[in-house]
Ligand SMILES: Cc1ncc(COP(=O)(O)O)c(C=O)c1O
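Below, in structure tokens: the form predicted on its own, a single chain.
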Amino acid sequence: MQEYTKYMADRVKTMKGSAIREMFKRMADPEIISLAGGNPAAELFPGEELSKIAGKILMTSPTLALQYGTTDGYPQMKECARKRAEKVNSVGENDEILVMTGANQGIDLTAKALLNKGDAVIVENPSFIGSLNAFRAYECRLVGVKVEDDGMSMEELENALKTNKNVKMIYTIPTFQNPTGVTMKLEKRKRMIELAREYDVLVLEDNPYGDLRFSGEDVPTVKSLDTEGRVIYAGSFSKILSPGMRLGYIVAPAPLAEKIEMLKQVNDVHTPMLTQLMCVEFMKKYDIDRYIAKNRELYGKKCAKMIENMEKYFPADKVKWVAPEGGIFIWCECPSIEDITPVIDRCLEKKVAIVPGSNFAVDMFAPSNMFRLNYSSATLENIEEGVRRVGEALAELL
């Protein structure tokens, strides 16, 4: 076999694949219970409704659905995205909306438009591996700031801004953060805007889970607090409609949006027209907020079920976690050990999959005593049995 490493670009040589993806390869075994992924609940997908919509579009408007579209998005799809962003006051006077093939594409293209080799990006530590790898791909420096029970540490953020050169951007998932599930309190969001202004940096706010609150009170987005056009906002339809449709959007100041649009044109020309049209018709025909309410109700039940069984089966005083008010994740820490890897392996032996914390760390090669649980995609029965098996592994190894 040819040795291809010598041909690879330096920027990808150190990139590490997602442990979640690797686990999926091992989960062909139907006996394995997955608490590892980040998939929405499949039972909520409006398959029948979308099937009828897709059929009608292909019968009545085949040329529109199957022909090239505009790079910035089908106009009515852009309006759907605008309404979702306006619902949380996240569209500024000088902002433009760009439809993306998933919010991940928007994050990647924003990074591509902004980051030079050697620039620093301040990120929550831990954070979403997809975004971390996007930043790594552009050869920037990741500066991690710890995530506290109420969001990113503002003291550490200020220190990072003071002590690092060439900081270009702060990346944050302030609402039901991935992987920790925590929500940044309002005072911290205001302070982040103040610090961004003081140190003249941009903020990229990623908000894929904001619609999934099942307890507590809504907190204004960081973007809604911005008065200077410093915040770029990434939104998604994946968690409220369907991840497979690959529909997201970016809200950005017009000069930056223009560059991102050019990069998207090179990247994939445009987001598929069929899925854009399907989303538009679904929004016209059905009450999306009523549909989201069903998501919230189910995820609230699943989260409560998981916590109930964590309290029942996890060894007392050996595992710490913060109960989320929404989203789809619970983050766990085992203070008595340094490396969770043996627990992960023991769980797989017991036919249950969870994700190690190192997967979300700025230093992905350092040992981690943390792990992430997902409750959205498993059934209530599998949540109970899966947590029981994880509890057995923890009790055996802690």
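What you see is a predicted model, and the numbers here were worked out from it, not measured in a lab. Start at 1 and count along the sequence shown; that's the residue number.
Just so it is clear, the following notes concern the form predicted in complex with the named molecule, a form of the same protein that is not shown.
When the named molecule is considered in the model of the complex, only one residue from Asp108, Asp206, Asp226, Asp211 comes within 4.5 Å through any heavy atom, namely Asp206. Residue in contact with the named molecule in the model of the complex (any heavy atom within 4.5 Å), chosen from Thr275, Asn178, Ser90, Thr183: Asn178. Contact check for Arg246: a non-hydrogen atom falls within 4.5 Å of the named molecule in the model of the complex.
In the model of the complex, the named molecule lies farther than 4.5 Å from every heavy atom of Tyr233. The named molecule is not shown here, but in the model of the complex it comes within 4.5 Å of a heavy atom of Asn104. Not displayed here, the named molecule is approached by Ile173 to within 4.5 Å at the level of heavy atoms in the model of the complex. With the named molecule omitted here, the record of contacts in the model of the complex names 233 to 241 of 215 to 223, 233 to 241, 292 to 300, 68 to 76, defined by a heavy atom within 4.5 Å.
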